[in-house]
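A lone chain, given as structure tokens: the form predicted alone.
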């Protein structure tokens, strides 16, 4: 069996960022820019006031000045500041000719409707003025390719007039549950049946990491039913199949995938939970589909999603293929391990005042114990072997977070 590291490397060799597409500004949130964005104007495009106040010439020694004009944001000064005069400007208004500073309204005293008293020292040249091009200039790159678009990037794109942008699209991820024993959550299970938790969990997890999920429902353990459902899933960028990939007589998925032209890259990993993981690739008519046969038990499903599928979705979306981040923490309680495979054990992580991760392994009934996973916010990696770790022992831990 492959190690987790070797399997991760093999997955990474098959990942290519999706081809760029052009979308409207309103559709770009959360996507990655496929090209750098250059401004078509200076910012600000003119010298403008940073506050409500009076535009003056600092070199004019007058302490009382006559108000000759009032300019609001969006307006244009028609007059120039000359000795003994001032122009009232609002925040965002252009700076009039002849002015080189703006004095706060609160620092002056209005003597009558047209006369204002200034302090003896009204300020320095440039005070209260946001100079043209001081933020960025025409022709300057304001956002680099590879930048993920958040709300602030949307604002910047709007400022430079990018009504549409080239981006890496959201990966389309199909989710297919398999098995005669599962029914949808709104159906009462018959004897020997259970409700399908993997389907809703994976749809949500795909959405959390930035993919577009398509739920294909449940396919029974029948070659024809599997073939039809899997064929639909192969039209997506990624196909996630849960169940049917182990070694039982009804584990038919690998054979059907082979019939449909999916080339197996590996099957089974030296890890717990998640040993049966299957991964393959199909290239057809210019489309590459990455296929994961995830184990049927829900904890195994989410752990393998966290380790392998999440990085794939992020890489397809242009973020680069990176292994999930881990850190060193200290055990808050003793832990023991039995077995020849490394275990990703559900845990709860808190932090001390210095930010050190403190790790509490949770009571866990195995790969079908979804309730234990719901109490967890992390996975503690326990290496293979027969051993016990004492309170305070250093361990490797991974935050259990899909978004």
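Everything numeric in this text was worked out from a predicted model, so none of it was measured. Positions refer to the first chain, counted from 1.
Beyond what is shown, the protein has a form predicted together with a small molecule; the following relates to that form.
The shortest heavy atom separation between residue 86 and the small molecule in the model of the complex exceeds 4.5 Å. When the small molecule is considered in the model of the complex, residue 304 lies well away from it, no heavy atom lying within 4.5 Å. Residue contact check for residue 298: one or more of its heavy atoms lie within 4.5 Å of the small molecule in the model of the complex.
Taking the partner from the other structure, the small molecule in the model of the complex has a heavy atom within 4.5 Å of a heavy atom of residue 251. This chain lacks the partner; the member of 196, 108, 162, 236 within 4.5 angstroms of the small molecule in the model of the complex by a non-hydrogen atom is 196. No member of the trio 280, 283 and 289 reaches the small molecule in the model of the complex with any non-hydrogen atom inside 4.5 Å.
Here the chain stands alone, but in the model of the complex its contact with the small molecule, taken as any heavy atom within 4.5 Å, falls in 187-195 among 131-139, 258-266, 321-329, 187-195.
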